[in-house]
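The form predicted on its own is given below as one chain in structure tokens.
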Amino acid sequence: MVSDWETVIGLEVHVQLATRSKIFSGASTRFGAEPNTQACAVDLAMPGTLPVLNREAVHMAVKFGVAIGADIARVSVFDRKNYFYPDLPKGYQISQLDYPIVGRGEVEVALPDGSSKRIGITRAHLEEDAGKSLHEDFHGLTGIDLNRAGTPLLEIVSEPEIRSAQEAVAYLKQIHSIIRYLGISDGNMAEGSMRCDINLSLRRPGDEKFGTRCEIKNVNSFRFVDKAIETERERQADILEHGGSVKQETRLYDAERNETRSMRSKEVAHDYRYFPEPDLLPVHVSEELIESIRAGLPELPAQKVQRFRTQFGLGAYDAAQLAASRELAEYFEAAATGAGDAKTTANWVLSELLARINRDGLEISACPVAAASLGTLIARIQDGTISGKIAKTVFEAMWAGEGEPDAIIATKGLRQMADSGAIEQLVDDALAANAGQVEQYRATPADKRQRMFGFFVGQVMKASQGKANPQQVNDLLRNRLDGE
């Protein structure tokens, strides 16, 4: 059984850095250009060309390292990783092996059950991306697009400390948040700006030795990471349960079939014949640069989560959800300021707002309801102008572009009925029209009346078209029903 095995996972996350030009040439990194229009002589490895290191890529790598409290190498070295593939024009990739620019660090991830876990990062190194092989439009042939060749990547390698698909996704989301907060990558997984390789093995609980691992290459969504891990662990468990042995290899996740399948036997470092890149000098990072970058760091996700918990009294999971995106966190704070109630605002942002955003496939930056407008809407619930139920009607109108909350409330006549005399009359009418239910209610033991009480509340709210103040309705009904 799968449950009889402990899953051991390490992730290699490839982050495309948000530089305007490539890591060793001046060619553009803009996404979406026509194939092979953004590959210059250096990218194509034309004779006589030499790489020149992009300073900004170095700064971005250091920024990430400082943000996760990692060791920053004062001297790092580039190497040639030799392999032959159609989308690698040089026949080698410039990467870093023994002396990466970022050393050991860690990130803390929040899990859905409210707990958290620290996951170590072994290293993060700079390298160039390869081109892209295209199969779909070429019957029986493969096309090569070299626009991506030479794009700067930061490869972030975790310790094998992840024990489930849930933890893997939480870790990946935390890395995604950090790189976006820092502004070093847009993290767009659909465009390949962030993708990961999953290294997975199984062992018996209590064993110290790891099992034989398989690597699943280039998984490009949180959902597929979850599915790929679950699929692969079931495959390996089935092999081991039947007395077989797992073969070390590189595999591919097929989302349509929800399966992993073999690509090639797994290479190890000596297969690539690494040696120092002769055309690039070692990279020296000064203390002044590190301190300058440290001083310029924004408030990071973990810091923002802690502040949301202490300043606004939010739970750990809600705070983590709101802080996951810098834009969402800023939206929440602006709305909470206008509303004067952070907890209610958090509930609205995480439920109503995100539900609409996800339904319409929008980014928070394209949200049709401004943060200040949502804050005003929530303030109208708090001051009794409208009920929570009516607020949802107003929100729908705001989303449809019908105006600001106060104007919608006035135009549609949605202001909550707060006239105690008018509400008393509605309560009396409802009780008179349902005399039989009143007698039944009073004959029922007090601890079993709640469902029947809800019936009377519903009758009054229906008669008021949802405009009666719910608290006043509840108080008057309690007084009439329980006080006589």
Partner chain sequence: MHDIALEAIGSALERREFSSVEITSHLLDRIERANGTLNAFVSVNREGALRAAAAADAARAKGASGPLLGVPIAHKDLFCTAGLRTTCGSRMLGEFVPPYDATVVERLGAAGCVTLGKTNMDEFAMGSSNETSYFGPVRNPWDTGRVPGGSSGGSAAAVAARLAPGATATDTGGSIRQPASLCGLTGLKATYGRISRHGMIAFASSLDQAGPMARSAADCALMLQVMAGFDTRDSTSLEAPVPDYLSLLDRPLAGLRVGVPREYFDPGLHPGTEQAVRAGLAELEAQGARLVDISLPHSPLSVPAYYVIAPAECSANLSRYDGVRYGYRCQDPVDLRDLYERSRSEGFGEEVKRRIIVGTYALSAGYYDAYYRKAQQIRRLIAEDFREAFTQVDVIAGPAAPATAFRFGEKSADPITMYLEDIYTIAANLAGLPAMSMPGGLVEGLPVGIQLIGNHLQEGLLLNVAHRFQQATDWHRHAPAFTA
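These numbers come from a predicted model, not from an experiment. Positions refer to the first chain, counted from 1.
Below: the form predicted together with its partner chain, not depicted.
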Consider the chain as shown here, without its partner, and state which of 106, 254, 279, 230 has a heavy atom within 4.5 Å of its partner chain in the predicted bound form.
279
Sole residue of 191, 241, 327, 271 within 4.5 Å of its partner chain in the predicted bound form, by heavy atom
271
For the interface check, one of 61-69, 454-462, 48-56, 431-439 should have non-hydrogen atoms within 4.5 Å of its partner chain in the predicted bound form; which one?
48-56
4.5 Å heavy atom contact, residue 146 and its partner chain in the predicted bound form:
yes
Its partner chain contact in the predicted bound form: residue 275, any heavy atom under 4.5 Å
yes
Quick one: is residue 82 in contact with its partner chain in the predicted bound form, heavy atoms, 4.5 Å cut-off?
yes
I'd like to know whether residue 195 contacts its partner chain in the predicted bound form, with contact meaning heavy atoms within 4.5 angstroms.
no
Sequence order please: the residues of 76-109 with a heavy atom within 4.5 Å of its partner chain in the predicted bound form.
80, 82, 84, 85, 86, 89, 90, 91, 92
